[in-house]
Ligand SMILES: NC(=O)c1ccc[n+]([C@@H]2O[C@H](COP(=O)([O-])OP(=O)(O)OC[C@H]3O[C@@H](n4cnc5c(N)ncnc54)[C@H](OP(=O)(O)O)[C@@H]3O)[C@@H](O)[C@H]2O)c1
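Just the one chain here, laid out as structure tokens, in the form predicted on its own.
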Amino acid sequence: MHSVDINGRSVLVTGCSSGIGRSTATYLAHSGFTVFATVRREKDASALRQLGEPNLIPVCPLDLTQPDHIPAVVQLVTDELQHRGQQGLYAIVNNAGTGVTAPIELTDIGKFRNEFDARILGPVALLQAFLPMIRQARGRIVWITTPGLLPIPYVASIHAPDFAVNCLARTLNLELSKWHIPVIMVRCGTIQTAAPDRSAREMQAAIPTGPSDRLALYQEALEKLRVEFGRLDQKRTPVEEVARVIYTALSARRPRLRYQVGRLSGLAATMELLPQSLVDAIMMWRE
């Protein structure tokens, strides 16, 4: 496969405290990219500095629910690129966000709102700030998403933003086509990150806090889901596989607009092609 010369190219990766973001940031830095690795907390920035990777530049704070963080990040990136003699920002990898596992009826609205801020509104604000630099570098945009646009019960706070990301990515591809800026989705399924275990713990912790009469309606299904999470934990794809796919998306001269990675990503992509009524029937049967 033909690839671009990554020497002197810089990438900003969001959500680098752990999981896909951290693995991607370190992999890209080891591969020769200059990587701006954004985190919300100083302790995570300090942990990244301790890796001693000269191409890895921790950026803190960047909480995408706080748009007032963005101008300082833009200034830091601008100054560092000038110091390194690089022209523009080659790519943004939108990875930040987690999601909460719960029925829509019992979902914490504040957490739901934060998820849309972190995965939709915040990244759009970030792109608005950095697109002139990406245009200058003739770069690209990468969005990390779930493996398929499927209505899976109890994970709406994870999947609903991905429906919006699908719209944003495809729309941006149309709007930015004249500058040849591809917007790429890397669709991940069953990856070894801290998020699944954290989601299971949060789900378990949330169960006693809701109205008891409503919780009782979902108790059996939520317990079944908790057990299913445990089984999936034994079959997850190493997070380094995602980092390698992202590297391919960034280095390919003619990148695909969609990449799939993870054990269930192919199945989810296939199901996405089925009639909506059939997909809904399959999901109801799983219940």
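Values in this document were obtained by computation on a predicted structure and should not be read as measured data. Sequential numbering from 1, following the sequence displayed.
Not pictured, yet referred to below: the form predicted together with the named molecule.
In the model of the complex, the named molecule sits within 4.5 Å of a heavy atom belonging to residue 16. Although the partner is absent from this view, residue 20 contacts the named molecule in the model of the complex, with a non-hydrogen atom inside 4.5 angstroms. In the model of the complex, the named molecule sits within 4.5 Å of a heavy atom of residue 63. Using a 4.5 Å cutoff between non-hydrogen atoms, residue 258 does not count as a contact of the named molecule in the model of the complex. Exactly one of the stretches 25-33, 244-252, 40-48, 219-227 approaches the named molecule in the model of the complex with heavy atoms within 4.5 Å, and it is 40-48. Put simply, of 86, 190, 166, 173 only one has a heavy atom within 4.5 Å of the named molecule in the model of the complex, and it is 190. Contact annotation for 129-150: residues with any non-hydrogen atom within 4.5 angstroms of the named molecule in the model of the complex are 144, 145, 146, listed in sequence order.
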